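One chain follows as structure tokens, the form predicted on its own.
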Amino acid sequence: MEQLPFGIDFGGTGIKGAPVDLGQGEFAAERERIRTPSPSTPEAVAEVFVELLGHFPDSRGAVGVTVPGVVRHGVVHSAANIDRAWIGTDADRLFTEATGRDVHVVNDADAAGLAEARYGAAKGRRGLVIVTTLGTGIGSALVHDGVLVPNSELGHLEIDGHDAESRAANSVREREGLSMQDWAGRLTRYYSTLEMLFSPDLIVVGGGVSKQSAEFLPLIDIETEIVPATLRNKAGVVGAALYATENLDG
């Protein structure tokens, strides 16, 4: 296990991590989860990472970390659902120094997109794949011939005068009590806009609600092939480990 990379999925409520077998796209040991500290400052989260890695003393490879924000060359530039202290933080350097490991951070939706492109619903697909995660907001990843175009943030497209995720995120469906039929109407508007702007070859739909994809995906009326994600809650950890190993931030 020594040289296996380690993936950490940092979310608003929990921080999950495991060593990853990149040959299979699977966890190499049972995942550990630690509650996200409050406040979730970079320094407090770094302490949790040290604790988490301590559960896997045999794992010595590179460490990838998902962050729910825009990440450019290891620096975090937005913080919608985490502490604002993250903005402007060189997270690669902070976590590398705190853990004594080679750490690389990546946007959480981008990590999921990489994992789905390499091991999941978009495996072996050429051309442009758009992976979206429907949850509190809408995350997105653009992957062209297996290469990530980072920080696409397509949940924030303005459609009909609204921020797209404010109308079509899964949290909105739950809050407004929308039927799957009504929600699918909003998703059709969203995905048809992506279709018009990007002409993708495939759209992959992830997020926890993808478990119920049979209830709403067939109701989305677009021309592009649209399929559910297959890695589910493994995608962040696996994609982060892949990102760190291949040093995709250059």
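Heads up: residue numbers just count along the shown sequence, starting at 1. This one's a predicted model, so the numbers in the text were calculated from it and none came from an experiment.
Same protein, other form: the form predicted in complex with a small molecule, not shown, and the subject of what follows.
Proximity to the small molecule in the predicted bound form, taken as heavy atoms within 4.5 Å, picks out 106 to 114 from the listed stretches 174 to 182, 121 to 129, 84 to 92, 106 to 114. Checked against the small molecule in the predicted bound form, the candidates Ile34, Val70, Ala44, Leu219 yield a single residue with a heavy atom inside 4.5 Å, and that residue is Val70. Ala80 is the sole member of Ile159, Ala80, Ala98, Val75 with a non-hydrogen atom within 4.5 Å of the small molecule in the predicted bound form. In the predicted bound form, the small molecule lies farther than 4.5 Å from every heavy atom of Ala168.
By the criterion of a heavy atom within 4.5 Å, Asp102 is excluded from the residues contacting the small molecule in the predicted bound form.
Contact check for Pro150: no non-hydrogen atom falls within 4.5 Å of the small molecule in the predicted bound form. Among heavy atoms of Ile138, some come within 4.5 Å of the small molecule in the predicted bound form.
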